[in-house]
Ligand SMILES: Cc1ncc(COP(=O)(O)O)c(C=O)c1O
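Here's a solo chain for you in structure tokens, the form predicted on its own.
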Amino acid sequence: MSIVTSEPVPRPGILDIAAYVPGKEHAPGVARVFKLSSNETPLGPSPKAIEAFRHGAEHLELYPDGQALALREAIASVHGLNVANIMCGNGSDELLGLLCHVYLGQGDEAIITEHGFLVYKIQIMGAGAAPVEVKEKDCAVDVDAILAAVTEKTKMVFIANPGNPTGTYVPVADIRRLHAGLPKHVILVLDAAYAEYVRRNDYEAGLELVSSNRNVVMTRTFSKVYGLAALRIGWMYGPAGILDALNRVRGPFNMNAPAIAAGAAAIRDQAFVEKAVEHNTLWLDKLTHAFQAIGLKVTPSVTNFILIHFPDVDGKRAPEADAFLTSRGYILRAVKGYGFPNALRMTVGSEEANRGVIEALGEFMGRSA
């Protein structure tokens, strides 16, 4: 017997999902604000990407290429990949959502890690499946804990590598060990949003693992090092079978034409990317040492952000530090929702912004760097 209600009702489980809350952007009453809460690059996009975007906006009356071929060809050229194994989307979030929509359902489980990207849990629950959260070890993914959590209901495993908000990474040997321990029908999702920043010999984004297996996909984004966050451009590299399934439900024009043009120009301008990475590498080291010098703990990061831990002392905890910094125009990311109630995540910003945060936190802690 059906139940009649006075208004439309979402299917069971939807209202149990906690909506994603982005980092704050404003500091009321402050004349100048440095937004360091969303891991945006301080160098902005390549001038070539801006030029391509403007040219792409000249014919807004036309539908975009539904296959985003120019962008896929540019990605394939830069990374040495097969165009047919690349799918582009409206941010990598769309692609993660498609994976869950196509491969998860009621009664299925998907494994996420303790401090993993919150969107994973949202998309899993949105598909009607159950997220299974496993603990991390020292702010890093614990491969053994993930393998121990696999059951006959497991259909997918999500790994942010590097992790957000921790900034840590999983060495390629451990990623391969994880994959080897998974059943063949379980999809391993490697979210490599910050791969371009990593400078470690034992790191791989996942391209080789995808190329040699049928149950691994890798997602990437243009929102970070390429400076195109406003355009929402993501891409996935995956096996033919998985991409074929996703393409059957993907929106026919899921990317806009200016974004396709700007993305293709951005990824081909690797000299500009290298400038962004060099700036980040320099300041990642400087910020880490400066914060440690004033008595703060920093989780070692390979990304364009730093997780700063505050002492468990009245008046010196993360919420007080957040308010203090905001009052001076420096907006960092509170990460209580990620399991770090006494930490803030700071994006590596411009030299002016970085020096300002160092000075402000030194004042907050009552010490100078």
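Predicted model, so just to flag it, every value in this text is computed and none were measured. Counting begins at 1, following the sequence as shown.
We do not show the form predicted together with the named molecule, though everything after this point is about it.
**Q** By the heavy atom within 4.5 Å rule, which residue out of 279, 232, 72, 179 makes contact with the named molecule in the model of the complex?
**A** Selected residue: 232.
**Q** Identify, from the list 269, 204, 136, 93, the residue with a heavy atom within 4.5 Å of the named molecule in the model of the complex.
**A** Checking each option against the named molecule in the model of the complex, the one that comes within 4.5 Å is 93.
**Q** Quick one: is residue 160 in contact with the named molecule in the model of the complex, heavy atoms, 4.5 Å cut-off?
**A** Yes - in the model of the complex, heavy atoms of residue 160 and the named molecule come within 4.5 Å of each other.
**Q** If you check in the model of the complex, is residue 103 within 4.5 Å of the named molecule, heavy atoms only?
**A** So residue 103 does not count as contacting the named molecule.
**Q** Does residue 193 make contact with the named molecule in the model of the complex, using a 4.5 Å heavy atom cut-off?
**A** It does: once the named molecule is placed as it appears in the model of the complex, residue 193 has a heavy atom within 4.5 Å of it.
**Q** Applying a 4.5 Å heavy atom distance criterion, does residue 117 contact the named molecule in the model of the complex?
**A** Yes, residue 117 lies within 4.5 Å of the named molecule in the model of the complex.
**Q** Of 78-86, 167-175, 257-265, 185-193, which is the one stretch near the named molecule in the model of the complex, taking non-hydrogen atoms within 4.5 angstroms as near?
**A** Selected stretch: 185-193.
**Q** Along 205-223, which positions have a non-hydrogen atom within 4.5 Å of the named molecule in the model of the complex?
**A** 221, 223, in sequence order.
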